[in-house]
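Only one chain is included here, represented as structure tokens and corresponding to the form predicted alone.
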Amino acid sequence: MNERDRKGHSAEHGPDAIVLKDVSFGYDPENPILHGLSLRIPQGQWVSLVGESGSGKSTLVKLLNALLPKSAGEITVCGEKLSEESILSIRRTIGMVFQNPDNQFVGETVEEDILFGLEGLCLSREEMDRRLRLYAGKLGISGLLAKHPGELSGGQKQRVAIVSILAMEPGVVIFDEASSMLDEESRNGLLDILRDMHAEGYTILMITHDADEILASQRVLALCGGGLAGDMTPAELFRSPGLMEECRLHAPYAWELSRKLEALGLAIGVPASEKELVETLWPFNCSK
């Protein structure tokens, strides 16, 4: 197992960001959507949450900050047990970026939209301005602050939605199919943002069907039948055709090509992206 594979396992990290113990949820107790779910996500880990439609992925992340009430079990976020008394505190710890960024906009301008969330934290004006400039600069939207959200492209809207969350400085950021409405260029841009966030120590939980996003993450949790069908690295997932089919997933192009080249005697490892694949193969072309 290489270094990339080792990083996917949950035992090598320190404190846990998320802990679920025997968690269940169902509108109908006789037919629960999730049942007896137990897992740990260490601080700073980037996790992909996969599964076919209806497997409970969105339900699971909504349980973490009580957007849905658990039916049974125990949930702990950043060391704080979820209860009626701790809901507000935990919601400040978890930031959620949804599939359609339009659903998150409330302000007349990008700046107003970002400041709206910060006002709820009762921060000083100086601190709000500092965070606005800092995170807008990090994600390259400083020039969009005066614009109406309706004037922005899909990729720009998603960046604004992410800035609105990051400016609140949560410990955990959840992306719920956040790239599904983006074009390829914007999707690649989102992946770059995720890599930067991971490097800065954010805990990332990402619901996704995108193979490249899965490959870029450290760990994969696969839901099926209301429970955990797999807890593994991306490499282990892509070597499991049965689970891939069960989750309605396809391996990324870079992975498939690297496997075929390996079968032909050219072992190049597993590139994290098509760009990395091209960079890995280029020296072989130049040596001819």
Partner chain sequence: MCRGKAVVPAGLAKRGPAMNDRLLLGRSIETGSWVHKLDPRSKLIGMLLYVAAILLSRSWPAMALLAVFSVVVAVSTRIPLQYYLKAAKPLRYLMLFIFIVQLLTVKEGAALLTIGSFSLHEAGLRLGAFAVIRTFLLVAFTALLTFTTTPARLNQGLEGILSPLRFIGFSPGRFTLMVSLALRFIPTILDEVQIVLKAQASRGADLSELPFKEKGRMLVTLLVPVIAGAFRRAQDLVYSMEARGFRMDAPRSRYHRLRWGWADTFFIAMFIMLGIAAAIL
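Quick caveat: nothing in here was measured; it's all calculated off a predicted structure. Numbering follows the first chain given and starts at 1.
Another form, the form predicted in complex with the partner chain, is not on view; read the next lines as being about it.
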item: Proximity to the partner chain in the predicted bound form (heavy atom, within 4.5 Å), stretch among 32-40, 222-230, 57-65, 235-243; value: 57-65
item: Partner contact for L123 in the predicted bound form: the partner chain, 4.5 angstroms, heavy atom; value: yes
item: Contact label in the predicted bound form: K138 to the partner chain, heavy atom within 4.5 Å; value: no
item: The partner chain contact in the predicted bound form: D129, any heavy atom under 4.5 Å; value: yes
item: In the predicted bound form, G73 touching the partner chain (heavy atom, 4.5 Å); value: no
item: One residue of L194, I207, A167, I94 in contact with the partner chain, assessed in the predicted bound form (non-hydrogen atom, 4.5 angstroms); value: I94
item: Within 87-111, the residues that have a heavy atom no more than 4.5 Å from the partner chain in the predicted bound form; value: I87, L88, R91, R92, I94, M96, F98, N100, D102, N103, Q104, F105, V106, G107, E108, E111
